[in-house]
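Take a look at this single chain in structure tokens; it is the form predicted on its own.
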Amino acid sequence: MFKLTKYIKLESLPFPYGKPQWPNTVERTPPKYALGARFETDWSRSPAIRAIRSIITDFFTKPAINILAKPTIMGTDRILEVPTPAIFAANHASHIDTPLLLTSLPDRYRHKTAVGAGADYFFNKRYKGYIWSFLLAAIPIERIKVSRRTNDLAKKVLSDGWSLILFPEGGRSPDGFAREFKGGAAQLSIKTQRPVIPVYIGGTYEIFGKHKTLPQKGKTVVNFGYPISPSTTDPRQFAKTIEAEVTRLADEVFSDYWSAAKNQGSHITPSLRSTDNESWIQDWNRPRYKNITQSREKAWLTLPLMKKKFE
């Protein structure tokens, strides 16, 4: 029997022979068990789940992080009086970053902070979506394209009084060096007029980098910066401001507040990124992560030698 469908795609035929057209201006109703950016996470912010997650965070996750990562937490005094909710923007080198940052937050933030997680990675399977939403209050964020749904979800989380952790790099660093900050967190701050709290996280790449199969013990540092309010309507420009402040916080870890501020004012702050034509930056940055396992005094002694390369 001759089959026309072999030569004609039914989808290309007009209705009623083919599929009906859906207006672009009308959002489709998501399926009951949607995945990715459409995964339903409202339940994870309910009072009951929040109470259970608080117990897990305080009595299981935090002790485990203290044993594995031995964090040094700095700058918490800078955010104690910041109005909630706020947007925490940090560099990202490891899966350890999220629980480390969550357990390092002051109490007023810790149990009412959601985490923006990649919709294509953490919510591509139903069981993964439930696990990360339950443990971290994670919400799906589109990393590849601009999504109105994820933007609206992030705004809703903030409007409900929840702070939000975002990693503006869009994913874990493959080599321990930072990448360019994208404009998602900056745009969200501009749209909601919520402050951005920059955070530098160091030492996690050596513990559980992207290409490692098992974590190993090490020492880390979490340095909170002063909140930044959007002074521009350009997300790309504001993203550069956030990245510059995270870079300054990294410099502050290995020197002091005054030296880091002076370097920033003189535009000689060591970059967190790697470049092909300036190999000395790689020699600078890699020991910065390793020196976290040493004393701050030993790490500080390396700075005068490296600063000469700027002159």
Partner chain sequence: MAPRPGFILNVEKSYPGTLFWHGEGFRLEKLPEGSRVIYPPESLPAIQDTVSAIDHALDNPRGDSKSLQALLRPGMRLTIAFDDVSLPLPQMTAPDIRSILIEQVLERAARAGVEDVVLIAALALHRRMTTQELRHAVGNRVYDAFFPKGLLLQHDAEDPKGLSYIGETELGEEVEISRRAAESDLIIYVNINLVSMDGGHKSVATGLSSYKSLRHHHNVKTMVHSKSFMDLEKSELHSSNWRMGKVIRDAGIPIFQIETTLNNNTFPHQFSFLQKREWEWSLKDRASFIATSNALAKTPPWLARNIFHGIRSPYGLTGVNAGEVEAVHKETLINVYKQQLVHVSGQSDILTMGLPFVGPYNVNSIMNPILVYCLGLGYFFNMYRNKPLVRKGGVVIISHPTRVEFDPVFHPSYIDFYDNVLSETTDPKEIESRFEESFATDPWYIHLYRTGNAYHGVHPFYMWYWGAHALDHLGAVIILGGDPKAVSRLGFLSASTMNDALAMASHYVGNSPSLTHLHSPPLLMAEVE
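Positions refer to the first chain, counted from 1. This one's a predicted model, so the numbers in the text were calculated from it and none came from an experiment.
The same protein also exists as the form predicted in complex with the partner chain; that form is not shown, yet it is the one meant from here on.
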| Within 4.5 Å of the partner chain in the predicted bound form, heavy atoms considered, which of Asp152, Glu180, Asp107, Glu81? | Glu81
| field | Triple contact flag Trp258, Lys262 and Gly265 to the partner chain in the predicted bound form, non-hydrogen atom at 4.5 angstroms | value | yes
| task | Give a yes or no for Gly184: in the predicted bound form, does one of its heavy atoms lie within 4.5 Å of a heavy atom belonging to the partner chain? | result | no
| Any of the heavy atoms of Arg248 lying within 4.5 Å of the partner chain in the predicted bound form? | yes
| Taking heavy atoms and a 4.5 Å cut-off, does Glu252 contact the partner chain in the predicted bound form? | yes
| query | Just to confirm, Pro230 within 4.5 Å of the partner chain in the predicted bound form by heavy atoms? | reply | no
| task | Pick the stretch from 204-212, 112-120, 73-81, 231-239 whose residues have a heavy atom within 4.5 Å of the partner chain in the predicted bound form. | result | 73-81
| request: Residue by residue through 85-122, tell me which have a non-hydrogen atom within 4.5 angstroms of the partner chain in the predicted bound form. | output: none
